[in-house]
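Read the single chain below, which is given as C-alpha cells and is the form predicted on its own.
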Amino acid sequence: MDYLPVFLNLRDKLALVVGGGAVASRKVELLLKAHARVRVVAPRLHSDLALYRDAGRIEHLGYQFEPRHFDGAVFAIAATDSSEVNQAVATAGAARGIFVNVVDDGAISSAVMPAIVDRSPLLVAIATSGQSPTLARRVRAQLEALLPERLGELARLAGSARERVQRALPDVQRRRRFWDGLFAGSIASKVFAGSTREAQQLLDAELRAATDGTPQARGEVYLIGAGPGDPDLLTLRALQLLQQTDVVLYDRLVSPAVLERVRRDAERIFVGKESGRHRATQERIHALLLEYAGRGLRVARLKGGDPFIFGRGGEELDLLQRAGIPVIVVPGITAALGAAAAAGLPLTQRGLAPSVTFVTATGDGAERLDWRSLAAPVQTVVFYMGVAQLPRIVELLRAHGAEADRPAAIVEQATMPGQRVIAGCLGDISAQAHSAQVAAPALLIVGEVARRAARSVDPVHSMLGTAAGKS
C-alpha cells in the first residue's frame, strides 16, 4: 500500500490552492464543502473563483506563487498548468512538513485527492495511488449507481440512536444483530424511500422490542416494475432492492436477463398467470406475499413494465396495507414507453398527437370501453395485451369512425434482442400480424405517430431477422 487513506478534518483550518483555473475551481469547491478556509494564489481567477472571492468565501492573492504563501496553511493543492510552479509548491510544502497534492502528478505529490462518493456523513474515497485518476472516476461512477442517494440520511438516523442503542443493548452481539437488522430491513427501506418519520417510528418500536427481548419478525414487500425487458432499463432503486431481497415472485413478462440482476441466493417463485385462471393465480400471489412477509422476509413482487400500469399492483398494495406489512413501490418503465422509445415512435408530438391513451382490450371489459373516443383522430392509443384480440380491436375502431388508412404499428418483444416492429394501417395490420406470427408480449400503437414506423424500420428485414434468430 503506497498511501495511507485518511480523512482530514479541515473545518476552520487554512488550505492553500495555487492556481486559478477550472481545475483549481473544482478543488476549491471540495475544500469549501469540507468547511475549510481557502487561500487561492493566482494572477487571474476562473469566473467561479471570482464569485467565491466577491462573496467573501475565499482569500485571493493575485501574485505568482511564493513559499511564504504557505503561512498558516495545513494542506495545499497545486493546480496550475506549469510544471515548474507545481514543483515549487511541492518543494515548499515538503520543507514546511505540509502535505501537498499536485493535480495529475502523483510522483511529486505527498497526498492524493481521491474520487469521492458523497453520501455525507458517509464518504467513499477511491484512489489509484496516482496511477490512473480516470479509472478512479469510473469506479466512483459504478459505486454511485450502487449506493442509495439517501444513505447519508440512514447514517444520521443511526447516529442519532447510537447512545440509546448502547444503553438498551449492552451486550455487543445483541447490539450488532440490531444494527445489522436495521441496515438491511424495513427501517433502511423507509429512509431510502424518503419516509424518514416512518423510519424513526420503526426504529423506536424495534428498539423497544429488542430491549424487552421479544423482537418480532417484520417482513416487507417491494412492488417493483421490471420495465419492458432490457435489464439496463431497470431503475437504480429496483437494482438496489433486488440485491437485498430474500424471495422474488415474478411473472412471465419478466425477462431472464432481469432475473439475473436478483441476489444470487434469493428464492425465485414463478407466479405467471395462465389463460382462464387469472383470479385463482392472483389469489395465490396474495397468499404468497402474506406468507413470506409474515415470516419476516423481504419479498420482491417483480412485474413487467410498471406495477401500477395494468399490473394489479393496486390490489396487492391494498392487501398488504390492510395486513400492516410495509410496502415500497418502485416504478418501472411501462411497456408503452419502452416500446415507443425502442421503435423510435414518439407517443405525443405537436400537431399530430397532443394526447396518448393506454388501454387494455382483453376480457369482457373490452366491449364496455369508450370506442368512439378511442377511434377519434389526432391522438395516440396504445393497446396492451391486444395481440389475441387484434381483429376485434380493429373492427371496433373502424365501426366507431376510424379510417382504414389510420397508421398502426405493432412492437413485439420491445427492447429485447428479438424485437420486431410491424408497420401498417388499420386496414392491413391484422393480416400483417397473422403473416408475421406475432406473439405476446406485443403492443399495438394506433395514430399518426405510428406512420414513423414505416420510415424508421424496415418491417420485412426486422421480421426476417427475428425469424432467423428463432429458428
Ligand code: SAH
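In this text, residue numbers run from 1 along the sequence as written. Just so it is clear, the structure is predicted and the values come from calculations on it, not from any experiment.
Same protein, other form: the form predicted in complex with S-adenosyl-L-homocysteine (SAH), not shown, and the subject of what follows.
Report whether the minimum heavy atom distance between Glu220 and S-adenosyl-L-homocysteine (SAH) in the predicted complex is within 4.5 Å. Flag for Glu220 set to no.
Is Phe310 near S-adenosyl-L-homocysteine (SAH)? Define near as a heavy atom within 4.5 Å, in the predicted complex. Result yes; Phe310 sits at the interface with S-adenosyl-L-homocysteine (SAH) in the predicted complex.
Distance check, Val411 to S-adenosyl-L-homocysteine (SAH) in the predicted complex, heavy atom within 4.5 Å: Result yes; Val411 sits at the interface with S-adenosyl-L-homocysteine (SAH) in the predicted complex.
Wondering, does Phe192 line up within 4.5 Å of S-adenosyl-L-homocysteine (SAH) in the predicted complex on heavy atoms? Output for Phe192 is no: heavy atoms all beyond 4.5 Å of S-adenosyl-L-homocysteine (SAH).
Could you check which residue among Ala50, Leu32, Leu61, Met416 gets a heavy atom within 4.5 Å of S-adenosyl-L-homocysteine (SAH) in the predicted complex? Exactly one listed residue reaches within 4.5 Å, namely Met416.
Taking 4.5 Å between heavy atoms as the contact cutoff, choose which of Ile429, Val38, Leu443, Val41 touches S-adenosyl-L-homocysteine (SAH) in the predicted complex. Exactly one listed residue reaches within 4.5 Å, namely Leu443.
Taking the partner as it appears in the predicted complex, which of 259 to 267, 300 to 308, 134 to 142, 281 to 289 has residues with heavy atoms within 4.5 Å of S-adenosyl-L-homocysteine (SAH)? Among the candidates, contact is made by 300 to 308.
So which bits of 318 to 342 sit within 4.5 Å of S-adenosyl-L-homocysteine (SAH) in the predicted complex, heavy atoms only? Result: Thr334, Ala335.
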